[in-house]
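Only one chain is given next, in structure tokens, and it is the form predicted alone.
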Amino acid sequence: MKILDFGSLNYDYVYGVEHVVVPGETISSRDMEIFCGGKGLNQAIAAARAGAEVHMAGMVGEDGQLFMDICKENGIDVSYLKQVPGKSGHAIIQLDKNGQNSILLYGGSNRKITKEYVDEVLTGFSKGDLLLLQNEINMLDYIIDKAYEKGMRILLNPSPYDEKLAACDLSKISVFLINEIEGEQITKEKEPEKMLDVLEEKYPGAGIMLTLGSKGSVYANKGKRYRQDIFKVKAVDTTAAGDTFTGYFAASVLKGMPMEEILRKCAKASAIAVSKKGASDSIPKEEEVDGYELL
């Protein structure tokens, strides 16, 4: 079995600021760096570094060769990546002195996926393979429908949460991977336990993976709830924390690990990621996660 990550690939333009700019305010940045990112790419790299067989599908622009190179460096199959005219997607990221961020996305080539391309990609996958999705590409509803027909297990990180998700048949999702902000947006509840109650009632056939920032994470499925605290480290950059968690979760599910072990490994990997700068650059390899001692 293998993982197909059908998702976004972005250039991240990261500006170091004292605080995230507010409406009407103009501030200067301390510095500016460029990284390769996008939720699709970040999660694919995390899953590959966690030891899974990962195939990346998505669209890159005329400036997208670097994405191909980075995937290959991380052992990710790029047979399904397609280069199209125009610019790749990008993100403008404000990173404050406490490691918190604010992100503005431009879709670019990530929004040029066609039904024909989806059909072509999915011919290489079958029942039991794992499909990892986010909400930074178009055609998400079609991808879900076609993957479900093939019997693939569908993991969805519905981020960013917006009106386009209304077109998707979310009853076909095997596992939702959401943070507390998305949980509130979806359920209108502020308390994590109530979020899980609503989601379990609405999608009884799915697992719910809820990350809660400094309060750790909870996985809910069929009446059972598994909890994991965070490992405390000095946060340098939280940009790829959620993507690291998601990629490691997908890889660990593919390996059939017990849920308690999965959550601990994901928490450890995320802690290492936030202690480093950058998006994909900050994602640790499996041997680093297994060998790193965190308090």
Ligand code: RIB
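Quick caveat, the model's predicted, so the values are computed rather than measured. Numbers follow the displayed sequence, beginning with 1.
There is another form of the same protein, the form predicted together with alpha-D-ribofuranose; it is not shown, and what comes next is about it.
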property	result
Which of 22-30, 255-263, 233-241, 52-60 sits within 4.5 Å of alpha-D-ribofuranose in the predicted bound form, heavy atom basis	233-241
Residue 71: touches alpha-D-ribofuranose in the predicted bound form, heavy atom cutoff 4.5 angstroms	no
Partner proximity in the predicted bound form: residue 42 to alpha-D-ribofuranose, non-hydrogen atom cutoff 4.5 Å	yes
Exercise: residue 167 in contact with alpha-D-ribofuranose in the predicted bound form, heavy atom 4.5 Å	no
Interface membership of residue 76, alpha-D-ribofuranose in the predicted bound form, 4.5 Å heavy atom rule	no
Check all three, 38, 93 and 103, heavy atom within 4.5 Å of alpha-D-ribofuranose in the predicted bound form	yes
Residues in 125-145 with any heavy atom within 4.5 Å of alpha-D-ribofuranose in the predicted bound form	136
